[in-house]
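Only one chain is included here, represented as structure tokens and corresponding to the form predicted on its own.
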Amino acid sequence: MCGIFAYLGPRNDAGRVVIDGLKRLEYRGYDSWGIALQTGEDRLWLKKEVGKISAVENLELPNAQIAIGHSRWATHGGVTQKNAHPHLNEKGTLAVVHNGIIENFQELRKELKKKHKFRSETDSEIITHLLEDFLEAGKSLEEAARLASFRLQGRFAFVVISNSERKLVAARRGSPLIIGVGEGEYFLASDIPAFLPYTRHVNYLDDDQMVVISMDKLIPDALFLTLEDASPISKRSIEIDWDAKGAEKGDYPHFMLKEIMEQKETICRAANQDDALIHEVVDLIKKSKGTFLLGCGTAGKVALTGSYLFSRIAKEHINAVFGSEFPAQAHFINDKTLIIAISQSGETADTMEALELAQAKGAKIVSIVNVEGSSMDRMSDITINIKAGPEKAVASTKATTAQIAVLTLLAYAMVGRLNEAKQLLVDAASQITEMLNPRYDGYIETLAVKLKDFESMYVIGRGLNYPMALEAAIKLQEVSYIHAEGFAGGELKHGPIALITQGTPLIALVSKDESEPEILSNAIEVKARGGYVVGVSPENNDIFDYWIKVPDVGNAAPILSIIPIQILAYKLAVLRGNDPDMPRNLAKSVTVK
């Protein structure tokens, strides 16, 4: 779970281009970083550090037209300079950056240690030594990369440069790698925002494919090959419709706050789907003999919300499953099954593995994603793009509510009420516009000041708000580092109420529907035991110690209920001195299992 960025082209400041690209990938999460440059010397130029890239504003870099860089989130080996990427061979003539996990690294390391000296504890360094062996056997750089890939078990994406060849060579299986095509220059990255200031034209590297980008000619070119037998393949160029400014913070102090505020527009964009596309998905749901909503983390809570929406609106039973737990239910999957997968990045490893399993059994796949051309998009029968634009804060906000909006469209379309759903969502978006103002922001900040020193809090909801209680707890955990748990209101008395002591904060998500009397009753039980009750509700109630007003928007309640919790989590993070954009131990795109 880390970031790759590489450059090849006519610019002489390739090192600076790569460092700036790594900064634009900081949202993915990392603990160390490094770059390697081809400078024409006998050894590649190398710089590796622990900590943030922003600490090297005045770093002097040699001229170079080829460079690779990496931001590492530790998996194998501790957070040290030696474990940071790129990894060089002993002669310093070869450099590799790698994402993913090599599952057979212990076996390979034992084999390679007979000949090579390892400088790190990582699985990634294995690739460097495998490449060196193949090069010493007379193989070309691209052939060495291809052959090395066959030795690796697990998911990977790696990029290699040497001191003697004017080229980048990259291979992929399971971990994302995207090629940005500029005017006579190329970029390689784990995610699009890294090169968005330079180009919006991309090629996607698929599983078991490699690319060789060469400067041997006057104008650099890219050759795409299969890993299996090095057969040339053609690639479709895709133009990304993201605005480069959309990937920048602008006047906001953090991406998380910017993305919370953008929900005024993103809900409308998500609702503005092509009717034919929505009906095509609905037809698949109706024809299937079992439909699963699939997601991990926040997307998993969105999937659960979807199951409630389909039940409530369409009277349709749809299963919601976490991607990581899907293999335990795969025994039910066949060629009449439909999988609806939900992901912001379209690259989530556990969800991808679940889709591969379902695909092998002949199931149809629909993806709800935010990145056109992502792995999930390309392996799906149908894709619905939520159109949220770049989301760079680790804690998902605008993508979450946009995903819920799309599921709302599908649920209503199941019973011929798609236009009603669109109007509902547009109305909800207008209500969000009224919510997201300085007064509302300040009111929630006052609550955050009251809660910032607590180390535990709880969130309850019923019906459509139950999945949002779970999601609210995730938001609080992610950025404030406060221990937070979400429960179904009715489950409190079956155990969790034992955790309530004098002053314990409890947030109750309340909607104007049939669940309102019962969730208020649950909140009363907590208050009777000394709890501090925060109500998120269209109407105030005497039992609330603090009331956050949300508009009554009917079946769009999950969207409106979660937004004040997003703001609260952000405020708590800032007050507690945390970085809300890059929480500790977390990465934006979880591309390893």
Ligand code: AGP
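Note that residue numbering follows the sequence shown and begins at 1. On a predicted model such as this, the values are computed, not experimentally measured, just so you know.
Beyond what is shown, the protein has a form predicted together with this ligand; the following relates to that form.
S.K.: Just one stretch in 357-365, 88-96, 292-300, 492-500 has heavy atoms within 4.5 Å of this ligand in the predicted complex, so which one is it?
M.R.: In short, 292-300.
S.K.: To verify the annotation, which of these, 266, 273, 344, 380, has a non-hydrogen atom within 4.5 Å of this ligand in the predicted complex?
M.R.: None of the others qualify; the residue that does is 344.
S.K.: Can you work out which of 185, 123, 132, 478 has a heavy atom no more than 4.5 Å from this ligand in the predicted complex?
M.R.: Contact check passes for 478.
S.K.: With the cut-off set at 4.5 Å between non-hydrogen atoms, does residue 395 touch this ligand in the predicted complex?
M.R.: Output for residue 395 is yes: heavy atoms within 4.5 Å of this ligand.
S.K.: Is there a non-hydrogen atom of residue 348 within 4.5 angstroms of a non-hydrogen atom of this ligand in the predicted complex?
M.R.: Taking the distances in the predicted complex, the answer for residue 348 is yes, it comes within 4.5 Å of this ligand.
S.K.: Output the sequence-ordered list of residues from 172-204 with at least one heavy atom within 4.5 Å of this ligand in the predicted complex.
M.R.: Nothing in the stretch sits within 4.5 Å of the partner.
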